[in-house]
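Quick heads-up: it's one chain on its own, the form predicted alone, in structure tokens.
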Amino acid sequence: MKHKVILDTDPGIDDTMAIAYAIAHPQIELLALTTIFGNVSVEESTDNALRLMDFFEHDADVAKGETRPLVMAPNPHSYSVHGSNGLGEIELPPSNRKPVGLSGADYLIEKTRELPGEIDICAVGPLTNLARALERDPTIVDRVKSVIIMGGSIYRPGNISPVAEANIWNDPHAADAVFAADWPVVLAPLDVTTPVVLTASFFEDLRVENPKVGTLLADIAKFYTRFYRSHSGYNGCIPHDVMALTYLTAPGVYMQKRGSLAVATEGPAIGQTIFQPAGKRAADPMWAARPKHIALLEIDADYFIGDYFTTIAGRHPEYDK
């Protein structure tokens, strides 16, 4: 049975890599993209989502999400990382499609009512849509199959501050609310994303194997790779957002640990994700009251890279069954 996925996303170069994987993987049924601000504005992310659905010739719904964080003023968008259009300066044709009539949060509520216990929400941007859904219908926690989040950092440094990862930093209040809710959360932090670097030769090989999708990914990756080379010295780029989906298709690629999660919502550590492993005591009773979630802490990078390549190339073993 396929995983029914709603991808909460702010496309975004690595978001596009995740969308391509979700559409190509034989174990995933992509139901919808709920859009959010982050890499770009929510208007731009929604436009990109619609254009990408045209490019992939896919009929997933697109629902426009929240425009700003729950509490704080918005941070600047990440145009220096993803390009002025979010897609590495690669222009896709405008779409004639329109978003559905529901907001991103309301779409999550209604779709989980329609398919209770069946939907995996994979959130790869700021978590504002999920927090709004919790506000409007707290019973959503009983209807989702899982909430898999690319965000945060447990034992590695942050990528937007010394301690904060960008998705969590862009709305720390929303992230803390999501982590405080008693639904089945899995966190894919920088601990498991940063060990994976996709090189230019990887994308050129992918272009050969799948000329349509591989060419798009190779072209948008050029901008992303230039950023990583100048910012971190990497000879390639990191496909962060794909990790939320790979947990569904290949959970054994990760070392997992249970514990509670919280987020710093003010001060110089704002956006820091804090992890309290299960079984350890803390003086603050807040930790005992928090639900236990799963944090992914290590990854088999070679397996991940091979899985991504064979999936996009259409050579994933599942295709042959």
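Please read all numbers here as calculations on a predicted model, not as lab measurements. The first residue of the sequence shown is number 1, and the count goes up from there.
One more form of this protein exists, namely the form predicted in complex with beta-D-ribofuranose (BDR); it is left out here, but the text below deals with it.
Proximity to beta-D-ribofuranose (BDR) in the predicted complex, taken as a non-hydrogen atom within 4.5 angstroms, holds for one residue of 124, 178, 198, 245, which is 124. Between beta-D-ribofuranose (BDR) and the residues 218, 166, 134, 186, the one pair within 4.5 Å by heavy atoms in the predicted complex involves 166. Within 4.5 Å of some heavy atom of beta-D-ribofuranose (BDR) in the predicted complex lies at least one heavy atom of residue 150. Although the partner is absent from this view, residue 241 contacts beta-D-ribofuranose (BDR) in the predicted complex, with a non-hydrogen atom inside 4.5 angstroms. Within this chain, residue 45 is remote from the site of beta-D-ribofuranose (BDR) in the predicted complex, having no heavy atom within 4.5 Å.
Interface membership of residue 159, defined by any non-hydrogen atom within 4.5 Å of beta-D-ribofuranose (BDR) in the predicted complex, is confirmed. Partner contact region in the predicted complex: 8-16, out of 8-16, 21-29, 307-315, 294-302, criterion any non-hydrogen atom within 4.5 Å of beta-D-ribofuranose (BDR). Looking at 78-101, the one residue that comes within 4.5 Å of beta-D-ribofuranose (BDR) in the predicted complex, counting any heavy atom, is 82.
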